[in-house]
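What follows is a pair of forms of the same protein chain, given separately as structure tokens and numbered structure 1 and structure 2.
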Structure 1
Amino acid sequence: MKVTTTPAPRSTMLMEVELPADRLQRSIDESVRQLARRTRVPGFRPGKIPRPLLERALGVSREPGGPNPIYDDAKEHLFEGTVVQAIQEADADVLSIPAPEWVSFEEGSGARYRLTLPLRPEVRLGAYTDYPFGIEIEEIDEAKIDSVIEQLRDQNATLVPVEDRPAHKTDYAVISFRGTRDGHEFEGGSAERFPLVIGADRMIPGFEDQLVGLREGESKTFSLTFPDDYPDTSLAGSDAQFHVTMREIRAKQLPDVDDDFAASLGTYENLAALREEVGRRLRANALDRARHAFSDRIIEFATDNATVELPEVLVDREVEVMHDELRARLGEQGIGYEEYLKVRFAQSEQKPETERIIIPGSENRGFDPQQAEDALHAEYRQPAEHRVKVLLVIGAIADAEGIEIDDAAVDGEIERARTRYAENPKLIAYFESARGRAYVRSTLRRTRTVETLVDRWLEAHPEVGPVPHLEDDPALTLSAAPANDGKVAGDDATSQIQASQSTGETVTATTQRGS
């Protein structure tokens, strides 16, 4: 066997394998024996069929490019039996083995195949220390504490009946309504007791404005036009008439900011103690965000300064990972993957992505699932390339720094996973598998690498002081607040303070506004 390799673009290598005639003949003879055992020819026992009759029974063609099941079987086994040895001879760190291209395959002469192998790319690190930036920590002042206190007031407000005035914006209302178009009711256009906050723009434009001024028990009839980009194309741009009756009106009543308010949220002696706790948590959150932001800047700094050619196979794998992540996020929200694709790609592209709302069961004409899948795949490609480069660069830094993860650390993380995902045995089984352990080890290694760089910078800049992760501060615990029945939000102060500082991405589902 003769192996020839040639470097190719994007961290690939062209490998050509030449096989002698005797090696080829052994493979063909073995295929003839195997196929003869599996093929029935009248008058012959299995395995005793002469080759000419076997070829006739299998439909072998001697024309160039014609079907030849014997050669096909021989090629498959010949490739499987030689490619690993060829790669070892080439001393190549291969990411995957693609199908070969057969250049020649001729009895009496030999065979030759070639394939383009994706190689683990070489990362040429640039600067990844001595950053031209530092940690930026948000200053927590009294105004920020006041803002959280106001949010806590709003979250712990009560709803009180309104009897002496008509409805205002921000009121909580319960209405009944019936919508018609050309005198006929349309699907989804009626409800008997429908709750909403007036002015929250949950309904189509103009609907909630018509509720202002109505008293309990009063009714009103009005006309509106559905937006041109309304997801249900049968209603988009059409006029409709609505008959609405105000059933209930409630207003939000905020609690006074005093010692009693503080006590209602937990074991706080007075308002000053609550403000102190809010300030402490805000400062801890600010440190946590600063550390994460600094870590992100370090990663981007190192990635920008590194040079690496990305193999297509790694980018394709990362695109698939991003697809899987999207499916998981949608599944958590009870939204079907195809429904997301329908709304994401069937709606007008003139509409900003942030305003594209998922509407289960909405009508989307002219939708091609494969085209939508391809469009999403193309959209993911650039961020996938960046993610692959980031992972490779962090791995190269870990190599340069000599960072390794021992079995004890992997076992500890898997044990935590058993507790965290106790109701998901499949996920636990994955973590316990060889592949899952490798994933945990690589994830821990990347995390430790970045944390090492952050801690090293902090040691060199003692004037900054400690910048811990939020979960690393054992003092950040609050006693659970008593139940606050009848309030707008019934959560304890701990989670409410956290919520006031948190952000996240969601895919929204609604059947009203559709904007």
Structure 2
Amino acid sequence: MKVTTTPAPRSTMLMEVELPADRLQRSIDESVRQLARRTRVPGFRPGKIPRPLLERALGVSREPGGPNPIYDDAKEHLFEGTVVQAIQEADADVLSIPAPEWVSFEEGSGARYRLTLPLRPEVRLGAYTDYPFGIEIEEIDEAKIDSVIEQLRDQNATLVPVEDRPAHKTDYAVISFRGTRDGHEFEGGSAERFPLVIGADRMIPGFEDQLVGLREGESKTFSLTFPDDYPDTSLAGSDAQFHVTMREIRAKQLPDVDDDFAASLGTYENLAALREEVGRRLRANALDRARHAFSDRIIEFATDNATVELPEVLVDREVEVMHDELRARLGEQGIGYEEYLKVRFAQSEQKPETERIIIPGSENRGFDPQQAEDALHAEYRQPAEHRVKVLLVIGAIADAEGIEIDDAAVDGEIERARTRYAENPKLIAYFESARGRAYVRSTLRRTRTVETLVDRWLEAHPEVGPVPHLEDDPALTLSAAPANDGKVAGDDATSQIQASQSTGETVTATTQRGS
């Protein structure tokens, strides 16, 4: 076996492997034996067919270069049997093995194949310290505390029945309505007890305006035109008559900001204590956010300064990973994958800004899932390339800095995962496998690399003071507050503040039921 390699662009390598005649003959003989065993020819027991007859039975072409199942089989086995050894001889860090191209294949004289192998890209790091920027920590002033207190008021508001005045915007109303078109009711255009917030623009334009001024028990008839971009095309643009009865009106009443309010949110003695606590949490959040933003900027900085030639396969793989992540995310949110694609791509020309839907069911014609998936992949290509680059650059920095993760740290992380994902035995099994461990290790290594860079910068800039992670501050662990019945939102104050800064990506589907 003779192996010749030539470097090729985009971190690839052209490898040509030459196989001697005897190696080729052995492989062909083996293929003949194998195929003879699988082929049935009348008059012969399987495996006893002479080669000329076998060739005829398999449809081997008499012309050289014509279809030849025996050669195809031999090529496959030859390639599989030699490529690994060839790569070892070439001493290259190969990412994947594509199908070969056979340059020659001649019984009695030998064979040659060549293939383009993607190599682990070499990262040439640029500057990754001495950032032209610093950490930016948001100042927490009284106004920000005020706005949180305002939010808490809003979340702890009570809905008070209104009887003495007509409805106006922001009221919570329960209505019954009947929609007709040319004197006939249409599907989904009627409801008996339909709750809505007046002015939230959930209905078709103009509908909610008509409710303003109605008293409880009063009825009203009015006509409206469906917007032209209404999802149900049979209704879009047509005129409809609505007969609406106001069933109930409730108004939001905000609690007064006083010591009682503070006490109702948990174990705060007075308003001052609540304000102090809110301020403390906001500041801790600001520090955590600042640290993350700073880490991100460092990563961007280092990535921009580094040069990497990415082979296509790496990007392709990352696109697949992103696709899987999307599916997992949709699964978590309970959105059908097909449905999502439809909403994303079939309606892209006439995307409704708000979901003004009374009637459920929207048809999508001319939707091709394959096409949508291709569009999705094309869209992912650029971010995937960036992600791969970031991963490689951080890996290279870790190498340069000599950052290693010992087994104890990996074990610790897996132990944490075990408690966190206790309800998901499949995931835990993955983390415990060799592949899972390698994944945990590389993730930890990247995290530690970035953390090291951040800490080093903070050490060099003592005027900034400590910038801890949120989870590293033991005083800020979540404490559950008693549930508030009858409130608009029954969420406790602590988690509300936490949630306001979490930036999990959410996927919204515009198909929503209206009646």
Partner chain sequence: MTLEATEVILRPVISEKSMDETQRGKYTFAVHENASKIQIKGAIEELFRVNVTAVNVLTTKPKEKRRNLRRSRVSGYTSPWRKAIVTLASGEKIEFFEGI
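Here the structure is a predicted model, which is why all the values come from computation and not from measurement. Counting starts at 1 and follows the sequence of structure 1. Note that the rigid core is defined as the largest set of C-alphas that superpose within 1.5 Å between two forms.
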Just verifying the output here: the form predicted in complex with its partner chain should be either structure 1 or structure 2. Which one is it? 2
Would you say whether residue 395 is displaced between structures 1 and 2, judging by a C-alpha shift of 2 Å or more on the superposed rigid core? no
Cα of residue 441 displaced 2 Å or more between structures 1 and 2, core superposed? no
Relative to the superposed rigid core, does residue 94 relocate between structures 1 and 2 - that is, does its Cα move 2 Å or more? no
Once the rigid core is superposed, tell me how far the Cα of residue 226 moves between structures 1 and 2, in Å to one decimal. 2.6
